[in-house]
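Single chain ahead, written as structure tokens, the form predicted alone.
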Amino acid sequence: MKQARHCFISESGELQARWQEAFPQALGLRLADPAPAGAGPTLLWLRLPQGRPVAPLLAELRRRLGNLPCIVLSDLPDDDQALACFAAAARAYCNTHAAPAYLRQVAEVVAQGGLWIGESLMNRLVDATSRVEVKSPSESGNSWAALLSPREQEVARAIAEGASNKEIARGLGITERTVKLHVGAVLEKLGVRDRLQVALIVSGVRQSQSA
């Protein structure tokens, strides 16, 4: 397999010692830097700035650097943020301060075309996909959207993109209190317990039918 060329992108553009230990030939770029001269990177690592939504960042990186596999690094990783990253087509998500051996393992999986999903999120996904039961209409061809009002569909899609209630309220021009009411209705109508399960349904994950 051809050796990957790693590029770590962050606000400062500096390479952490553990990143250099994992990949001695890695490049460091600031968020706004143009593509490096010469042979370009084949694998991007984005250190996610605090308070910045991931989807616009990844879209901008693809515009400037090409549609390369991207691993998102988070200083404060959590499952909801991870879900937003995967919704934005990230190939992996892990802690900024992970050990060099761990980073190399993540890179190997992504370089082979795989997804790296952390243990915490994987456990939640396994639990959710084993429990989700959508309250479907009698007509088998209808999707989850048929169960929701147009506004509830907008809220459900925003949840699947990892948006917070505040972000949903701002995007739809409604109050956070109204968003909370819509979220509660979405959970009830889809027969699920949390936002992750909503995201799974909107993304097309369904419980397999048992015999």
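Note that residue numbering follows the sequence shown and begins at 1. Keep in mind it's a predicted model, so treat the numbers as computed, not measured. If you superpose the two forms and keep the largest set of C-alpha atoms that fall within 1.5 Å, you have the rigid core.
Keep in mind the form predicted in complex with the DNA is missing from the figure; the text below concerns it.
*Asks:* Even though the partner isn't displayed, in the predicted bound form is residue 42 close enough to the DNA, meaning a heavy atom within 4.5 Å?
*Replies:* Taking the distances in the predicted bound form, the answer for residue 42 is no, it never comes within 4.5 Å of the DNA.
*Asks:* According to a 4.5 angstroms non-hydrogen atom cut-off, is residue 175 in contact with the DNA in the predicted bound form?
*Replies:* Residue 175: yes, in contact with the DNA in the predicted bound form.
*Asks:* Under a 4.5 Å heavy atom criterion, is residue 18 part of the interface with the DNA in the predicted bound form?
*Replies:* Contact with the DNA, no.
*Asks:* With a cut-off of 4.5 Å between heavy atoms, is residue 183 one of the residues that contacts the DNA in the predicted bound form?
*Replies:* So residue 183 counts as contacting the DNA.
*Asks:* Since the chain is shown here on its own, which stretch among 64 to 72, 42 to 50, 166 to 174, 22 to 30 would lie within 4.5 Å of the DNA in the predicted bound form, judged by heavy atoms?
*Replies:* After filtering at 4.5 Å, what remains is 166 to 174.
*Asks:* Taking the DNA in the predicted bound form, would 149, 189 and 195 all count as contacting it (heavy atom within 4.5 Å)?
*Replies:* All of them do, each having a heavy atom within 4.5 Å of the partner.
*Asks:* Is residue 162 one of the residues whose C-alpha moves 2 Å or more between this form and the one not shown after the core fit?
*Replies:* After core superposition, the C-alpha of residue 162 moves 2 Å or more between this form and the one not shown.
*Asks:* Kindly check if the Cα atom of residue 183 is displaced 2 angstroms or more between this form and the one not shown relative to the superposed rigid core.
*Replies:* Residue 183: C-alpha displaced by 2 Å or more between this form and the one not shown.
*Asks:* Against the rigid core, is the Cα displacement of residue 192 between this form and the one not shown at least 2 Å?
*Replies:* Comparing forms between this form and the one not shown, the residue 192 CA shifts at least 2 Å.
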